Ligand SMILES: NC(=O)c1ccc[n+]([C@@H]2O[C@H](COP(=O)([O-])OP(=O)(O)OC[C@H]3O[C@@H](n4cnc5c(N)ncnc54)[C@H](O)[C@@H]3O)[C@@H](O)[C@H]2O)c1
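Okay, here we've got a single chain as structure tokens, the form predicted alone, with questions on binding and movement later.
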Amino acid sequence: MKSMLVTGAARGLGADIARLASARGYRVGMVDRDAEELHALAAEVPNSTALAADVTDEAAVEGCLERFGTVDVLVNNAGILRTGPLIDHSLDDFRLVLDVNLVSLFIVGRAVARRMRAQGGGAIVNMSSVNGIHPSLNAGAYVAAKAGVIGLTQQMAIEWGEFGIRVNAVAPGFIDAGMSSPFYAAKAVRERRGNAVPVRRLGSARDVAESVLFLVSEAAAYVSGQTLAVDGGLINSVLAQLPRE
């Protein structure tokens, strides 16, 4: 049975990725700071292990890996968002967003890659965002962090490929799940954003989870260093929003 480690797994996209991985036959290690929610999720996900830890804490991450054992697949999903005008962004918030969304990917990714190198390979997916490809207003440090994820993914891929490790990123668009769920609670927002997507709907957690499972599968065995936008065509539709007369 292959094993997968998912960070930020207590809720949202991480939880859905863990559920789908379990259903596809993976032994799943779920990492999150929220121990209570994590253990509740583990009780309903077969072949899963709750690993309560702060992914920005190197020692805590090493402890999780010692407890979980072999990792064939890593999904670096942990993330947070602080919104508002960049000019009003506090330094503490800026650093926190970078630490959780970017630095933690280095901490966990490096620790897992060292083990994957010893065992002969593996696959890693880092969670970026369409905001890492194109900025949006009032996203603060999130844009910089998610753009950094794409660059870090490429760097990991070229350095770790010789060890049999493939590294890719997923960049979700307008997804009605996870941190975005409260935003899409308003019907007007759902309709406006859904209609702006070329496929005319918001994405789901399942859309993202399926993309992650594809990238770590043998079907993507020759794919590495890439960022897969799971956005219904959104980032390529700017000119479609401003049609010719």
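Every value quoted in this text rests on a predicted model; they were computed, and no experiment measured them. Don't overthink the numbering: it's just position in the shown sequence, from 1.
The form predicted in complex with the ligand is left out here; the points below concern that form.
Within 4.5 Å of the ligand in the model of the complex: all of L65, D72 and G225, by heavy atom?
-> Per the other structure, none of L65, D72 and G225 touch the ligand.
Please pick, from D34, E210, E191, E44, the one residue with any non-hydrogen atom lying within 4.5 angstroms of the ligand in the model of the complex.
-> Only one listed residue qualifies here, and that residue is D34.
Would you check, heavy atoms only and a 4.5 Å threshold, whether M179 touches the ligand in the model of the complex?
-> Looking in the model of the complex, residue contacts with the ligand include M179, since a heavy atom lies within 4.5 Å.
So, in the model of the complex, is Y142 in contact with the ligand at a 4.5 angstroms heavy atom limit?
-> Judged by the heavy-atom cut-off of 4.5 Å, Y142 is in contact with the ligand in the model of the complex.
So in the model of the complex, does G232 come within 4.5 Å of the ligand, heavy atom to heavy atom?
-> Answer no; every heavy atom of G232 is more than 4.5 Å from the ligand in the model of the complex.
Consider G122 of the chain shown here, and say whether it contacts the ligand in the model of the complex, taking contact as heavy atoms within 4.5 Å.
-> No, G122 is distant from the partner.
Taking the partner as it appears in the model of the complex, which of 84-92, 157-165, 109-117, 123-131 has residues with heavy atoms within 4.5 Å of the ligand?
-> That would be stretch 123-131.
Scan 1-16 and write down, in order along the chain, each residue with a heavy atom lying within 4.5 Å of the ligand in the model of the complex.
-> Residues within 4.5 Å: G8, A10, R11, G12, L13, G14.
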